[in-house]
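The chain that follows stands alone, in the form predicted alone, written as C-alpha cells.
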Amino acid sequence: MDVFSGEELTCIRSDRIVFAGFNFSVKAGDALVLSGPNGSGKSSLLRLMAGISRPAAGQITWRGKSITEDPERFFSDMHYVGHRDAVKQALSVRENLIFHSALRSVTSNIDNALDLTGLAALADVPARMLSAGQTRRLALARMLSSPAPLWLLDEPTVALDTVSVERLRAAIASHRKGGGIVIASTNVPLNIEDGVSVDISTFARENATLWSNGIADELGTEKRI
C-alpha cells in the first residue's frame, strides 16, 4: 500500500522558524487538508512535501524510502500544483498538456483531462488568451492528463468558479477511489469527504528565530555565513 509520511518536520524561512515538530502520514485513498492563516507555512510545507525545498529537520518518505533517495522516481509518482500555474503562454491549451505529458513516462489522456476541466472547447486557444480561472483549470488539467498516485495541491480553488470547484471535488473523489492520495492547502472549505484537516499554525514557534534560545542546537543546525 502507498504511504506518504513525514516525521518531526521543521521549516525555516530566512532565520524564522515557521513550524516545527510536524508529523503526517497518509495512505492510499486518504486526503489531508492543510489549513491555517496566511503565513502559517501551508505553502512551505507543500514545497517540502514536493521535494522542491528541504526541511531544516525531519524526513519525508514515500513508499518507505526518503524522497531524496530516488528523486526521479518520486517526481514521477507525484503531481504538484503550486500558486504559479506553470502555463506556457505561447502554447495552446492542448499543446501545454502535450508538453507536460511528454515529461512523464506514463500514458496520457489529454482529451479526458480537457473534458473533466471543461476546457475542451478551448483546446486550440493560446494560453495567453485564458482568464485567471481558465488558466487555473489548465494547471489542474495537467494532473488529470498524466496519472500519478500523489497529488499535492496548493490552494487549488483559487480563481475557480462554483462549477469548476465541483469538478475539482469530483476529480479528487475519483482519484481517491482509485487509491490515490491528495494533500491540499486551503483558506476556504474544500468539503472533501472523510478528509483529515490539520491547522498548521498549531505547530508554529511564535516569534522564534533560529539563533535564539538555543534553538539552533536543538535542531542540530550549524550557522552558515
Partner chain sequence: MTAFFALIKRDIRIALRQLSDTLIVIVFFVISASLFPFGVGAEPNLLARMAPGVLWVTALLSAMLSFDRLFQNDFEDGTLELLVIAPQPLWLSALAKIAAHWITTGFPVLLVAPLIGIMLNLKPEGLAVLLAAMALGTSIISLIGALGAALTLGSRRSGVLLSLLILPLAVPVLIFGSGAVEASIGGYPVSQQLLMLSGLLLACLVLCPWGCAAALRIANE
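Quick caveat: nothing in here was measured; it's all calculated off a predicted structure. Numbering follows the first chain given and starts at 1.
What follows is about the form predicted together with its partner chain, which we do not show.
J.: Report the stretch among 46-54, 24-32, 175-183, 157-165 that approaches its partner chain in the model of the complex to within 4.5 Å, counting heavy atoms only.
T.: After filtering at 4.5 Å, what remains is 46-54.
J.: Note which of 114, 130, 87, 143 lies within 4.5 Å of its partner chain in the model of the complex, where distance is taken over heavy atoms; exactly one does.
T.: Among 114, 130, 87, 143, a heavy atom within 4.5 Å of its partner chain in the model of the complex occurs only for 87.
J.: Using a 4.5 angstroms cut-off on non-hydrogen atoms, would residue 92 count as touching its partner chain in the model of the complex?
T.: Output for residue 92 is yes: heavy atoms within 4.5 Å of its partner chain.
J.: Closest heavy atom of residue 121 to its partner chain in the model of the complex, within 4.5 Å or not?
T.: Judged by the heavy-atom cut-off of 4.5 Å, residue 121 is well away from its partner chain in the model of the complex.
J.: Does residue 136 reach its partner chain in the model of the complex, with heavy atoms at most 4.5 Å apart?
T.: Residue 136 lies outside the contact set for its partner chain.
J.: When the contact criterion is heavy atoms within 4.5 Å, does residue 76 count as touching its partner chain in the model of the complex?
T.: Result yes; residue 76 sits at the interface with its partner chain in the model of the complex.
J.: Within 4.5 Å of its partner chain in the model of the complex, which residues of 90-109 have a heavy atom? Give them in sequence order, or say none.
T.: Counting only heavy atoms within 4.5 Å of its partner chain in the model of the complex, the contacting residues of 90-109 are 90, 91, 92, 95, 99, 100, 102, 103, 104, 105.
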